[in-house]
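In the block that follows, a single chain appears as structure tokens, in the form predicted on its own.
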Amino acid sequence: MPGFELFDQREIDALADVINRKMVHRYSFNDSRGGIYRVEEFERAVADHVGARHCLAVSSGSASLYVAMKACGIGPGDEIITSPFTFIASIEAILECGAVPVLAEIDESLNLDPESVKPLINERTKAVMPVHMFGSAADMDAFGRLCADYGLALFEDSCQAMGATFRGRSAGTFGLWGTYSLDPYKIITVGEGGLIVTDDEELYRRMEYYHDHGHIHDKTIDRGAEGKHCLGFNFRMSELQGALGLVQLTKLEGALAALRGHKRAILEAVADLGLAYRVHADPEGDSATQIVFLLPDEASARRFQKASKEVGVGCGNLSDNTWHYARHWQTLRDGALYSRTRCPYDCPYVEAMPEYRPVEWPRTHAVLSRTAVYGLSIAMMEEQIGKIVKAIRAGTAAL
């Protein structure tokens, strides 16, 4: 999957151009840069590609979530309902705002189950944030209706879903805002970086100000003379990253085609086995970064996993996934913060902080414990595909 598989002379040339011009800051030096702003070009290209009015590039996918929430005014006492199966940055962004992550359940799509959200909604709930896990969109029709019915904001953590679609529309463009990660493990990468897309002009401006110390950006005057709209912080993307992003974006559709072709070849080769696999809200929009099989029970999944490994291709069981499953996050349970002000933990604005115990999310665990997952890469060869097919057959034989 990683976008760095696609690096070639074009990325090298793009970086060399920025270095040769000595213009690495996305702002400043307006009189000497010849009107070239690579990050700004990248933002426009992304907005056009996904069909959003605005795009803001920031320093990481984690920063994209945090900046978006801060611009929405999320703070102590607010609750955001999201998934227990995600990368921890989804949770940390909420916590950094002093707000409370409320974790519902997933279903066999591996995404947030809309029905599990309803019982958790109360007067403190400000938003629902589905996470499009492993490049496959959540059911955005269902989440759109739910948020409209309850008067809640809809946020989209699309950090793992650049290029994914739902009903022909880009993941990340259904809610108030959507985010994408550009870290080394994503389908396109700039090393570290993130993107926020939105159609809301006022919200976009607040995000723009906040991510750069409150600056009201004006190319006609010196940066030091610009006014400030608010206090903020530094989550800027550099021109080096912007230049990389412009090249990588041109390769996105080719990468998606390759991944989808690999997945199709594998599934067609094992279609006779009758295996069940992950449910997709929109199969056509899946970015195909993983293949996830759903076995009858955990014991079957463990036998499948063992047999697959024995023929030379390991597969994962997602209940073991320490990166993405909240069951494993001891720091979340402990509230391991450096700050003396422990909002939302021990916080006067929070009536009851969730305990985030390993025994919570029984339906999520029931799904994850019976999975077998294979990661796909963009540059896979036929031999690698054949090995995965052989491993799937070996796993099935062990059931």
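Please read all numbers here as calculations on a predicted model, not as lab measurements. Residue numbers here begin at 1 and follow the sequence given.
As for the form predicted in complex with a small molecule, it is not shown, yet the points below apply to it.
Participant: State the residue from 46, 57, 372, 65 whose non-hydrogen atoms include one within 4.5 Å of the small molecule in the predicted bound form.
Facilitator: Result of the distance check: 65.
Participant: Under a 4.5 angstroms heavy atom criterion, identify the one residue in 96, 141, 183, 108 near the small molecule in the predicted bound form.
Facilitator: It is 183.
Participant: Taking the small molecule as it sits in the predicted bound form, is residue 87 near enough to touch it, meaning that at least one heavy atom pair lies within 4.5 angstroms?
Facilitator: Output for residue 87 is yes: heavy atoms within 4.5 Å of the small molecule.
Participant: May I ask you to state whether residue 160 is within 4.5 Å of the small molecule in the predicted bound form, using heavy atom distances?
Facilitator: Looking in the predicted bound form, residue contacts with the small molecule include residue 160, since a heavy atom lies within 4.5 Å.
Participant: Report whether the minimum heavy atom distance between residue 243 and the small molecule in the predicted bound form is within 4.5 Å.
Facilitator: It does not: once the small molecule is placed as it appears in the predicted bound form, residue 243 has no heavy atom within 4.5 Å of it.
Participant: So in the predicted bound form, does any heavy atom of residue 131 sit within 4.5 Å of the small molecule?
Facilitator: Output for residue 131 is yes: heavy atoms within 4.5 Å of the small molecule.
Participant: Look at the stretches 226 to 234, 283 to 291, 302 to 310, 185 to 193 and give the one with heavy atoms within 4.5 Å of the small molecule in the predicted bound form.
Facilitator: Result for this chain: 185 to 193.
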